[in-house]
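Below you'll find only one chain, the form predicted alone, shown as structure tokens.
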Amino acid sequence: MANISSTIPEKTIERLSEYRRTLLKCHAQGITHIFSHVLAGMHGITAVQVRRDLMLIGFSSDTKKGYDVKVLIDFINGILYSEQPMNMAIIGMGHLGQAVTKYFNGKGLKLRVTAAFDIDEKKVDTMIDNIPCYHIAEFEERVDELDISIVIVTSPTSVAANLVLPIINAGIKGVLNFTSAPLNFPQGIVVENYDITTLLEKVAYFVKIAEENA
């Protein structure tokens, strides 16, 4: 399965994560089987795309009954996650950082926020949403101590660039950057730059076009 996972395109990985969330909701509602065209309709794509994604990860099923929801959830889990949970840290425990912490630690994922870092003396050495908050000066030491693999950057954009070197030195493997400043890392560190402003402006543009054409 490791060999399969290493060859899966990025867009397919994104869709697998989306399928998984949908399947979890279906499972909670008591739905035991689902057809590819039903799953596709829930995501606004074609059944061919769903089948292609699942074939790519080596999943097959009895098409007469549709996909077994629980079996498919477990199969996707095996593709997306390591056997052991991954520890994450938040850098910047403002409103966004706290919201992200609550989101991830309430989803039952194999991804858990185990530490936070900030420079605000009112937050340092306190527990925020049951997560210990340390001073950013302790970052490299705590990453090693707590076996942290991923960091989520929610700090002010003005200081984001200063975090690149400490993240590299700490041996972090993956970064999710919520600031509006793109962060560049050397090969070997996976980074996703998630610019909320750009995404909102894209939405606003298409809303404007729709209103102008109405």
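In this text, rigid core is short for the largest set of C-alphas that superpose within 1.5 Å between two forms. What you are looking at is a predicted structure, and each value in this text was computed from that prediction instead of being measured. All residue numbers refer to positions in the sequence shown, first residue = 1.
Form predicted in complex with another copy of the chain: not shown, discussed below.
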Original post:
So, in the predicted bound form, is Leu163 in contact with another copy of the chain at a 4.5 angstroms heavy atom limit?
Top reply: no
**OP:** Spell out, yes or no, whether the shortest heavy atom distance between Ser36 and another copy of the chain in the predicted bound form is within 4.5 Å.
**Re:** no
Subject >> Lys173: touches another copy of the chain in the predicted bound form, heavy atom cutoff 4.5 angstroms >> reply: yes
Subject >> another copy of the chain contact at Lys122 in the predicted bound form, heavy atom, 4.5 Å >> reply: no
**OP:** Identify, from the list Val143, Ile79, Ile91, Ile131, the residue with a heavy atom within 4.5 Å of another copy of the chain in the predicted bound form.
**Re:** Ile79
Subject >> Interface residues of 127 to 158 toward another copy of the chain, as seen in the predicted bound form [heavy atoms, 4.5 Å] >> reply: Ile150, Ile152
Subject >> Threshold 2 Å Cα movement between the shown form and the other one at Lys202, rigid core reference >> reply: yes
